[in-house]
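Take a look at this single chain, the form predicted alone, given in structure tokens.
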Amino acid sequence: MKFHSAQNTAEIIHGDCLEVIPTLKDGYAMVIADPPYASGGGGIREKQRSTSDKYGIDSPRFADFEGDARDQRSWVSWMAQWMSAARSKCIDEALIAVFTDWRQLPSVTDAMQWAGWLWRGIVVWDKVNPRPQLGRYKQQCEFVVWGSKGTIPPNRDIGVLPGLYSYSMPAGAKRLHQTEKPVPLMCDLFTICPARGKVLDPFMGSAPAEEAALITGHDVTGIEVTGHYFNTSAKRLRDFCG
């Protein structure tokens, strides 16, 4: 399914990214990914809870999403698999940016390197107003582990980019997914992507990255395994593209 803005195209595909990525053509300049964290609990029984229960989102507006109940070893292996598959479809000097929480941060850095990417660092996302936790420090930040496929040309005209971004999560009717990321944050992350470079998003969710890619002048391919959220993404992009 394809959607066209003024000069760019968003193609969205319903399926498992490990099955879909090998069918794609080469040529991606950036991978941006918000995979299921398989977090929210210290043991497998806790991980098996519904995502609405784990992340405190109890609303009939949101469907639970798939892939969030893996144990630690299988999750790391799976992360390395899809990152390796995505890398094989990317041009030299391509970028990758992967969201994670504090629990999985060390595992993502390992998986990225096992997949053949050069780990470059961590960007902090300050969520501004996270859920309060009485008697504890707030879990106020999530993280974007980023890297490259080889070298990064130093002469691109993007200046020095921040290492921290502060944006609240979408709220109210604007929130379309249990763990949706803000479109302005996605737009900022695309600043590092080469001009007009094509973007691959293996975990589309409700398509904030796809909307941001079109805003910032990139073609994008989004993949989503959960039917409810694939349909949500299709409606979002249809509305955005008019």
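So that there is no doubt, residue numbering starts at 1 and follows the sequence shown. Just so we're on the same page, rigid core means the largest C-alpha set that superposes within 1.5 Å between forms. Values in this document were obtained by computation on a predicted structure and should not be read as measured data.
Another form exists, predicted in complex with another copy of the chain; not displayed. Remarks below refer to it.
Another copy of the chain in the predicted complex is approached by residue 102, whose closest heavy atom lies within 4.5 angstroms of it. Among heavy atoms of residue 81, none comes within 4.5 Å of another copy of the chain in the predicted complex. Under a 4.5 angstroms non-hydrogen atom cutoff, another copy of the chain in the predicted complex has residue 120 among its neighbouring residues.
Under a 4.5 angstroms non-hydrogen atom cutoff, another copy of the chain in the predicted complex lacks residue 91 among its neighbouring residues. Scanning 33, 38, 212, 30 against another copy of the chain in the predicted complex with a 4.5 Å heavy atom cut-off leaves one residue, 30. Heavy atoms within 4.5 Å of another copy of the chain in the predicted complex are found in one stretch of 132-140, 70-78, 168-176, 83-91, which is 132-140. Residues of 212-239 are not found to place any heavy atom within 4.5 Å of another copy of the chain in the predicted complex. Residue 134: CA moves 2 Å or more between this form and the one not shown after rigid-core fitting.
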